[in-house]
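Just one chain follows, in the form predicted alone, and it is written as structure tokens.
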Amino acid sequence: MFAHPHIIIADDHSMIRKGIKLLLVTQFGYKNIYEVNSCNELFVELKRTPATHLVLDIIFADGTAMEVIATLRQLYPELKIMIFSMQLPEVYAEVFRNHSIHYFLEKSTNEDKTVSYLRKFFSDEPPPNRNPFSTTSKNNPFTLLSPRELEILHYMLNGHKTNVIAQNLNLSNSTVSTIKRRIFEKTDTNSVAQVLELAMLYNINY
């Protein structure tokens, strides 16, 4: 286990951040713990802090983990990352596998199991489930979406128009429109309203 890790907790819910911080302090005695609530704040803190570990949520007000993972890996290749989210692991399997992220803990996990999982993460041991993304649901259409489609999906579910999505992701309007059509095809829907209804059914948070 790392004697003096420098940890960043990135989550847009203060109670989640403070809960994880409390566990890290009381159960492990860690002191170098920093909190951020957005993607932008994460990069600001990383420039300021020699972080060794990152506990990362997926959805933020200013973006998603899918949008920042590649940059994190490029700028901070030694940073150890654990996803801590309410999202379903299998939906984001391809994204995180592609970036060698193998720790994924659901927020609904009880305290004892959370502590055990964190201990393995900070000890650089294999997670209890060697592949946290191995349980897939063939009935869940969102598991069919590519990383880029998941990025677009996030903005669609938040009501952003094509031109706004294109600006945020530095894409052309036609590219965004094409990806939106693919999302409709893969989820067997015909409108954003139908995708939103399906997302609620499969507990896809946005």
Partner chain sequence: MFSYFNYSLFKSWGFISFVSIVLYIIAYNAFKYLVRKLLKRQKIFKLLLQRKTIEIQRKNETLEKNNLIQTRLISIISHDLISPLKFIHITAKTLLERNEHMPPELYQEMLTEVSNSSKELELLSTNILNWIKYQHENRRLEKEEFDLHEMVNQLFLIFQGLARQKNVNFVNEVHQEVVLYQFMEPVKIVLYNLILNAINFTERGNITITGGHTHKGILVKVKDEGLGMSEEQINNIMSEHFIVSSATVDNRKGNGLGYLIIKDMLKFVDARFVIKSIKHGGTVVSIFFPTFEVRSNQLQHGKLETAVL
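Residue numbers count along the first chain shown, from 1. All values derive from a computational prediction rather than experimental measurement.
Another form exists, predicted in complex with the partner chain; not displayed. Remarks below refer to it.
A heavy atom within 4.5 Å of the partner chain in the predicted bound form is found for exactly one of Thr64, Asn37, Thr143, Thr162: Asn37. Taking the partner from the other structure, the partner chain in the predicted bound form has a heavy atom within 4.5 Å of a heavy atom of Thr26. Proximity of Phe84 to the partner chain in the predicted bound form falls within the 4.5 Å heavy atom cutoff.
Taking the partner from elsewhere, Asn158 is found to have a heavy atom lying within 4.5 Å of the partner chain in the predicted bound form. Asp12 belongs to the set of residues with a heavy atom inside 4.5 Å of the partner chain in the predicted bound form. Residues Asp12, His13, Ser14, Met15, Ile16, Arg17, Lys18, Gly19, Ile20, Lys21, Leu22, Leu23, Val25 of 10 to 25 are found to place at least one heavy atom within 4.5 Å of the partner chain in the predicted bound form.
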